[in-house]
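Taking the form predicted on its own, here's one chain by itself in structure tokens.
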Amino acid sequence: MPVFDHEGHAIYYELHGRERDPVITIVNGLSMRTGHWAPYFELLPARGCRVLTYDMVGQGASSKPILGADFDDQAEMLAALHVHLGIDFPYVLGISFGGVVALKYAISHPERIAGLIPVSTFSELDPQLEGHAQNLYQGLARVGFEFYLDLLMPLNFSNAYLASNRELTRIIKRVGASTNELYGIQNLMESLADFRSITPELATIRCPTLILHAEFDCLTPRHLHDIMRQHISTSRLVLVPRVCHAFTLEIPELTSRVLGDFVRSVESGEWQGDQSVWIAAEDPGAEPLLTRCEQDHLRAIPLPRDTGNAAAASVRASRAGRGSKAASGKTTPRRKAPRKVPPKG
């Protein structure tokens, strides 16, 4: 079992693919482990990428529980792992909790990163995410790890996936409970108690950045990803259809193609980080895979910005009407309908 000893802590990792290929390092979500990424051990090398996965201290097969390790500490341990393995310019993907570690890594080590891939994550907490985090923490601390996973499942996966994979989701929960430790995950979650927004620091990120967000992710909503898009000048935001927070586990074929295409575009010098928004196709073999989003991407029901669109024009006219009445303080009197007079005779 490959283990890196860092200041007395054992960090378990796996490295797959050809030695000379660019490396995508994957930083787990809170209750994940390296085994969750098993499909990518073949899918990413097939697309010309080496893949490094590891368990943060506090989870999986790494040392646990660990007290007081915050996001900065986790980013520094990842940097040490890269040095240990001789990986100079990795692409760093982080999902959810791990996405914050990836952001911290890009901020702290701009000279040691080829590209950044924040997935289903955040640079600041909004009231809804704070509420979800508190509920998950209370479920973990007061009831137990399996209940915590029960709370996560409907947030992580789509209706279709849950309906067709009932036995698999039971296995995922059992494996998650057996390979993680309650106090280890609880200590990691406590990193959020003192979390301060890192949004102001995002402007320092200059590497190519691909932000991925699922259409139905209600745990880390779209506006949090849009904050990252707006503050990272070299970024693009890609919306992944019909999936939820943990879509990387649900649709690995599509996700691996998006990742492989990103790495290829950066390596070839074709990447354009222009803060644009794109929509991924549902079929991983589709051409083109990504289509530029021309709608208001922050709407749950997008309305085209085209002035010729009837629905959008109607909404704008309605808003304009309300605005003009409010500005003048007057309202136009309603015209009475003509009174109908019954015919004579």
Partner chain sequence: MSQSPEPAQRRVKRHFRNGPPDAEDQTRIALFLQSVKGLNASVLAKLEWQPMDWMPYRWLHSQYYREMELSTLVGRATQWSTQPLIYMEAAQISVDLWGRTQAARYLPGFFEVDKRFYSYLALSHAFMSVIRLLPVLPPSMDLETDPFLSALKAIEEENGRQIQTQIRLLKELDAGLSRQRREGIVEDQRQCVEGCFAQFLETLGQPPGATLEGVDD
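Numbering follows the first chain given and starts at 1. Owing to the predicted nature of the structure, the values given are computational and were not obtained by experimental measurement.
As for the form predicted in complex with the partner chain, it is not shown, yet the points below apply to it.
- Although the partner is absent here, S164 sits far enough away that none of its heavy atoms falls within 4.5 Å of the partner chain in the predicted complex.
- Under a 4.5 angstroms non-hydrogen atom cutoff, the partner chain in the predicted complex has L67 among its neighbouring residues.
- Though the partner is left out of this view, Y183 does reach within 4.5 Å of the partner chain in the predicted complex, counting heavy atoms only.
- Although the partner is absent here, N187 sits close enough that one of its heavy atoms falls within 4.5 Å of the partner chain in the predicted complex.
- For the residues A80, M153, L125, A177, the 4.5 Å heavy atom test against the partner chain in the predicted complex is passed only by A177.
- Taking a 4.5 Å heavy atom cutoff to the partner chain in the predicted complex, the contact residue among I251, I205, L219, L140 is L140.
- Remark: of stretches 143-151, 98-106, 127-135, 197-205, the one touching the partner chain in the predicted complex is 143-151 (heavy atom within 4.5 Å).
- Residues E146, R170, I171 of 146-173 are found to place at least one heavy atom within 4.5 Å of the partner chain in the predicted complex.
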